[in-house]
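Coming up is one lone chain in structure tokens, specifically the form predicted on its own.
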């Protein structure tokens, strides 16, 4: 067998081991999250039956409450409820939502489509703008542009997502009237009559809310990394040869700061989803974040647990993609056989 074949076989073996290890980590993570989440939900002060009945609480008899609890299995001991839910989960069944009266997987699928477009736009905007702002700040260190960018980032780093959403809502929707106040589509309009332009107009303010808040971390991180690179010996040697400005950055700085920026951007999936929950509440945007809040307030245990597991897989996928891209960009990680 040739050395090239041996090298390919070794690489394939390392990748297979890494994928199996990640699958094992994901399975253990989901198992731990399932147990912890169920314990927290079971000890919640929210009464699922009372939340399910809602405004009809005064006209529903005690016998009817017992029938509702029996129908949804809420009168069983928590351990038995968890075993029943876990057994169904192993067969791919996340249960039925008490709020929407639909399978949980269908509710998550419908809501995630709206949330995915919102998070994708804000994720791209925050990454591109944050990276560009960090590069400009580092290339103009201690000048007026650097001070403005740092002030902007420090101010936004401590800004709550819901406050930024309310501010944009008041200015651009209420005062100026440029964008709709809430919802994902125009109110009172049939689904087949809703155009792509209508959906984009309703998505602009929530997406801006998420992207504006998410810029600060990537910008400050990129700025500091690029400053360290520009102070390195090989960059000083390049400057001595006459290289300067963005030519110097593209030849010696971009590759060195792309790796940490890429990792930071993909590992921000958890913060992105958390921010989406608040942004969707402010703008009444019909996404997965709004469904999470409704499930928590109304005691919809199957839906809440399903969203928790889905979110954990979403964040884990972001970290895995970051690892794969890191390996692709950095050849040294291929030599170590890591993923």
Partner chain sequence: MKPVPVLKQRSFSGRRALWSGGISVLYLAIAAAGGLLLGSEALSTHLGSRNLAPSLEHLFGTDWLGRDMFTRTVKGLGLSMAVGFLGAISSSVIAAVVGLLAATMGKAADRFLSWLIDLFLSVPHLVTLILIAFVCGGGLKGIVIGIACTHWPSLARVIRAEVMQLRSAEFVLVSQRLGKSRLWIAMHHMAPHLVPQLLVGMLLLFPHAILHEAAITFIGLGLSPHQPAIGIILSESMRYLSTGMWWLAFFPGLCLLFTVRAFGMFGELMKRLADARGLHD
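Positions refer to the first chain, counted from 1. Being a predicted model, the structure only gives us computed values, none of them experimental.
This protein has a second form, the form predicted in complex with its partner chain, left out of what is shown; the following refers to that one.
When contacts are judged by a 4.5 Å heavy atom cut-off, residue 81 does not count as touching its partner chain in the predicted complex. Shown alone here, residue 44 lies within 4.5 Å of its partner chain in the predicted complex, counting heavy atoms only.
At the 4.5 Å threshold, heavy atoms of residue 286 stay clear of its partner chain in the predicted complex, well away from it. At a distance threshold of 4.5 angstroms between non-hydrogen atoms, residue 71 is out of contact with its partner chain in the predicted complex. Shown alone, this chain has one stretch from 126-134, 200-208, 161-169, 93-101 that lies within 4.5 Å of its partner chain in the predicted complex by heavy atoms: 161-169. Contact with its partner chain in the predicted complex, defined as a heavy atom within 4.5 Å, is made by none of 18, 113 and 120. Along 285-322, residues 292, 293, 296, 297, 299, 301, 304, 308, 311, 312, 315 each place a heavy atom within 4.5 Å of its partner chain in the predicted complex.
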